[in-house]
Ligand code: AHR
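Consider the single chain below, provided in structure tokens and representing the form predicted on its own.
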């Protein structure tokens, strides 16, 4: 009996081996038909969605290093430690919408000191030999010359850089000095001493790296913007997300409060600071320092179309089930006017009311905004009842502006099925779909848009991310997104925009994961998901090409997903192949239909992104998974490749003579 069992096991192992060998030896032929380029791939196809979640703005993209710089948090000294005689005041300050300031008084003893320290956003990160611009609005209370000492101190409270600021006026003035860090510190603090008799008043205490993106004073963190710029985005959606709705309407993002002199932009509560009980951050607010002007400017810098989103008169419906929490339909005019004024702010001539505001901020030329989103993840009949009012007003005054509506928070189900026909009825230009789902969902949804109605609005995949069980940005999630995106590309006639979400997360202060880019006070890391987005955006092509295997689109057969485009401007055919199986696959790519006399280049570039399912990039090991490029021979109209198990591949074949 034992011999028979051993014989059976040997036979079973042999069968498995033969089957595996057979699978490895099978050649899968993919045919790309280049005879007639298909749908145009929109320049907005691959973009960015920014929301102030995970400390993505203050403490993140916005380069300000001081938390609660104007003492306007509900706990006015949150983020500050005080010593000696420090008074908080709110009358006689220089800024109407930020009334609080501090008065430093004489300590009353020669060996005691008066001052305050700021902890920054989970510390203040400074780099060795880098310059930092300290500024403060200040006045001498009695008109006598006063001095304060400004210090950078390390995590052990040891000063390592200091400068003095002389305050010489009874009137409020802005003072500035430069601090040069002699060493790198991830979690420094800023300390301010009164070193004269006093008293002296201080307001809007600020510390910026001089090395911001494009060197702007009220600037953005350069390494984070560089990571965005590297993605070659065609679209930039802002400022959210759920913060557009607010926990209530009082805390919705109000774009008009986010423009004008930065010192007079009022504080707003960030709806994410207490949304999740397991990730509470009661110090999470919006200074509006990086407001709509800065976000439009960033869109322009990135060469991306701006897509601002405004509130539709609805607070977050998850958190406000009572109709009284929302703006009645017959009282929407203020919100509608905000949308119209936003278009004027972005595009209006400097002689217009809001165009003049933009010009005075330093940008007389229009931002040429083409899109506007109305509402975020709204649902139910209350949404179209309000949306129609916006559509009518915008169409009447700005018929050229394309309007983005919502299909709700889910990718299927009752609300989704209700809202899509409503969006068609209202004739919005694009419908914003959101889906945060497991990797299996993304693999199964590669054909999602194959049968969508081509006569209605286009699709904006406005928020999506594959959520592995661990909720890490691991390679399993990235590979499933790469497979799914072949379906976006194949259906570029109906899918015009796609943006991963969320964009940023602070490693020490996050509420939600996974996220595209992680950072701490000094470094940032590009995730495997980031590189999938980059490979698609840099290889978007100009037109879709049909790609088939056994005369069918490649949507998961044998674990393979594929799509093809042509870049007419660069004379390239680009094929993307995801192999989600556990076996290497031999693939023959046959390119047919090019004009007579056209020849393929003798070599094709092959870019591969691969890893084990659980692998991630970390701040300590940021390059564990990165794209690797090589070159393969092309024979006639054939390219033979090996798509490795668990890999995303981009093949670029140049041609001449077409």
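In this text the structure is predicted, and so the values were computed from the model without any measurement. Numbering follows the first chain given and starts at 1.
Omitted here: the form predicted in complex with ligand AHR. The next part is about that form.
Taking the partner from elsewhere, residue 53 is found to have a heavy atom lying within 4.5 Å of ligand AHR in the predicted complex. In the predicted complex, ligand AHR sits within 4.5 Å of a heavy atom belonging to residue 436. Interface residue remark: residue 501 is counted as part of the site for ligand AHR in the predicted complex, having a heavy atom within 4.5 Å. The shortest heavy atom separation between residue 241 and ligand AHR in the predicted complex is within 4.5 Å. Though ligand AHR is absent from this view, in the predicted complex it lies within 4.5 Å of a heavy atom of just one residue from 160, 512, 452, 398, which is 512. 463 is the sole member of 203, 463, 72, 185 with a non-hydrogen atom within 4.5 Å of ligand AHR in the predicted complex. With ligand AHR left out of view, the stretch that reaches within 4.5 Å of it through heavy atoms in the predicted complex is, among 531-539, 413-421, 501-509, 189-197, 501-509. Contact residues in stretch 357-389 (any heavy atom within 4.5 Å of ligand AHR, taken in the predicted complex) are 376, 377.
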